[in-house]
Each structure stands twice: as C-alpha cells, then as structure tokens.
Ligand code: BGC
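The chain below stands alone and is given as structure tokens, in the form predicted on its own.
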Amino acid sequence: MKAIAVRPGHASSVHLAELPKPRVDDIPGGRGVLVRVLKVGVDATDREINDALYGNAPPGYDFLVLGHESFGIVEEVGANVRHVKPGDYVTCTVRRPGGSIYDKIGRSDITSEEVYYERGINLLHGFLTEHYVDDLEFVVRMPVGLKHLHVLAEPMSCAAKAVQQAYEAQKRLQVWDPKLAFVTGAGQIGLLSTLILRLRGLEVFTFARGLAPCLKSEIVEGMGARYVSTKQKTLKQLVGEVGKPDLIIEATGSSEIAFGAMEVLGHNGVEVWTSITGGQRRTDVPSDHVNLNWVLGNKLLLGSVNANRRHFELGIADLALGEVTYPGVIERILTNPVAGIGNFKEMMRLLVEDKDALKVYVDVAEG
C-alpha cells in the first residue's frame, strides 16, 4: 500500500513509502472502521514537517506518513460500530488520547501532556495512503450532500473550535454579545472562521495582504463579510473607521500581526490565536501599553489548537448551513487538486512555491 511520507529530522525528505494494508480487526473489541481514502488535504503543517521543523515517526518506523485532513469512504466496520456503515463518507479526527485527565474525558485536543499523538504530525502515521483503520470514536460521518467539500472538514473543525472556545470563555462576562469581529489572515482557517462568524450574525472584516479583487476577496465578500488588504489599510486605521472589535481570530502565522492585533481589541474582548509561528522572527511590542489596556479592559488571549469529535460535528453542521446560506462560495477554497499519491513532488511544489494555492489536496482515489 503506497503512502506519502517524510523522514522526520531530515529536511526535504518527502518520498513514496510502502505500508501493509490495515484490517478492520486491527482495532480490538469490534470497534474498527476500515476506510478507503479518497482525498487528503495538505497545508503549511505538512510543509513544515518536510522542512524538519517538527514531527516524529511512530515507534518502529523511520518515516512518518503525512496528511491530517482526510476524506474517505467506509469499506468495513467492526461488530460494535453503529454510527457508520460501508458506503458512508467519513472524515477522521487527528489527535489521539494520552494519559492526562483531559485525554480520559475525550478532550485530547487540550491534553496537558508534553508528548502528544497526532495522525500525520507526531508519532502516528497520517492519512496520505490508500486505506486506514481507526477506532469508531474518531471516525466522523459526513453527509453525502457535502462530499464536494471533502477535505475542508478538518480545517473547519479547527475554526469551529476557535470560535466555540471564544464564546465558552466569554461566559465569564455573563452578557457578552459580540457584534464586530476581525479575522486576520485569509487562508483556509481565516476564511472558514469568517464563515462561522457570519453565520452567527457578526459584522466581519477579514484581513489579508493581497489587493482586491482576488479569489480571497471574492470568497470573503461572498460570505457577506468585508475584505481588507493590509497593503491599503492597517488594523488601527480600520478601528478609526468602525471601532474596536469584540473578537479577533488570528490566523496569519505572523507573530508581528498576532501581537499587533492585541493593540486594537475592544474592552471585554477576546483574541484567539490559531496559527503557529514556527520561525525565528522577533518583533517590538509596546508591552506597557498592552499590559495597561488589557488589565483595565478585561481582555482575554486564547490559544486554540486541534479539535475533537464535537468540533468536527459543529464544523460539518456549519458547512451545511453555509452551503445553503452562501451557495457555491465555500467550494472555491478548494483550489489545487493533485492527481494521485505518486505526484507527491507536485504536491510539495504547490505548498512551497505557489502562493496562490489556497487549498492543495491529493485525489487519492475515485469514489
């Protein structure tokens, strides 16, 4: 069984590997779900793992199979599987439980352990192969009517968690009712966060570098939000026009913007960091000013990573609502298909070189 893999710790080591085909009874207790992989999305995480910035191979292997954004079709299920059946379309969560109290209650997405287990990222093989098997707890059914959005289920789960966690944390205020939101970054997480916030009725301004009109601006505006190019207007300048936001979703991967956004957040507001800044950039921060305003303004900074099954379900529900609210808009995020596992060089080229590649995904099989 072919798979796209890297040798963790070795930069630019992406290659074609071989794995044995899994069996449904590899998962004990009749809980196994065998899935034929149809499509797998790839993103900056896969590029950074290939750059040897992080990632570890599973025990007993010298390679790690990439891919954490899965879409496939069920081929076989164990005796105790009830929520999916052969022929159903499914996606799969990414992180697997460790031994912390959070892992034991189904919240592996907020594990307190330093060592974590994520398919395609750390210590577990990913989905960029022909078949996988997993426990029923981690397999999430996707409606057939959303099959055209396939690999967006995983990034949507991360966006859903970011927004849901903001609202959950803001229960501290008892009557928090946000009206204005900024989303910094118009990659897949930024665009999907824009969608979720619009579905919640917020006025949303989404920031990106490119000048409008462009694909990102068309998607943002198609969701009823407003696109702002940072080449034309800064966050502070927009605040002067529309006021300070109640909520900021940060999704740029730039620490400069992540910290800069802290200067414009409104009183009682929350800023959610979703992006990883894996470089060595240093930036000056007006720390006294930020400290004063954040303490006096009761502001909250929240980090959000990964997602659990509930967030996948929330995200899929919002994809469905988004499809009927803004028909044809979400699918435009899926820009760059790659034909087959054998084309792993083209997959990586798109991730590294093509700045217009909004969402790269591999067409593993038809189905």
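Predicted model, so just to flag it, every value in this text is computed and none were measured. Note that residue numbering begins at 1 and tracks the sequence as displayed.
What comes next is about the form predicted together with the named molecule, which does not appear here.
Q: Since exactly one of Ile196, Val204, Val220, Cys158 fits, which has a heavy atom within 4.5 Å of the named molecule in the predicted complex?
A: Filtering the options by heavy-atom distance leaves Cys158.
Q: So the named molecule isn't shown here. In the predicted complex, which residue out of Ala52, Ala339, Leu321, Val305 has a non-hydrogen atom within 4.5 Å of it?
A: Here the answer is residue option Val305.
Q: Quick one: is Glu271 in contact with the named molecule in the predicted complex, heavy atoms, 4.5 Å cut-off?
A: Glu271 lies outside the contact set for the named molecule.
Q: Mark His68 yes when one of its heavy atoms lies within 4.5 Å of a heavy atom of the named molecule in the predicted complex, and no otherwise.
A: Yes, His68 is a contact residue.
Q: Should Tyr116 be classed as touching the named molecule in the predicted complex when contacts are defined as heavy atoms within 4.5 Å?
A: Output for Tyr116 is yes: heavy atoms within 4.5 Å of the named molecule.
Q: Check Ile276 for me: does it contact the named molecule in the predicted complex (non-hydrogen atoms, 4.5 angstroms)?
A: Yes.
Q: Thinking of Thr45, Arg95 and Glu154 as the candidate spot, does the named molecule come within 4.5 Å of a heavy atom on all of them in the predicted complex?
A: So, yes: the whole triplet contacts the named molecule.
Q: The chain here is shown without the named molecule. Which stretch in 116-124, 209-217, 82-90, 222-230 comes within 4.5 angstroms of it in the predicted complex, by heavy atom distance?
A: Every other range fails; the passing one is 116-124.
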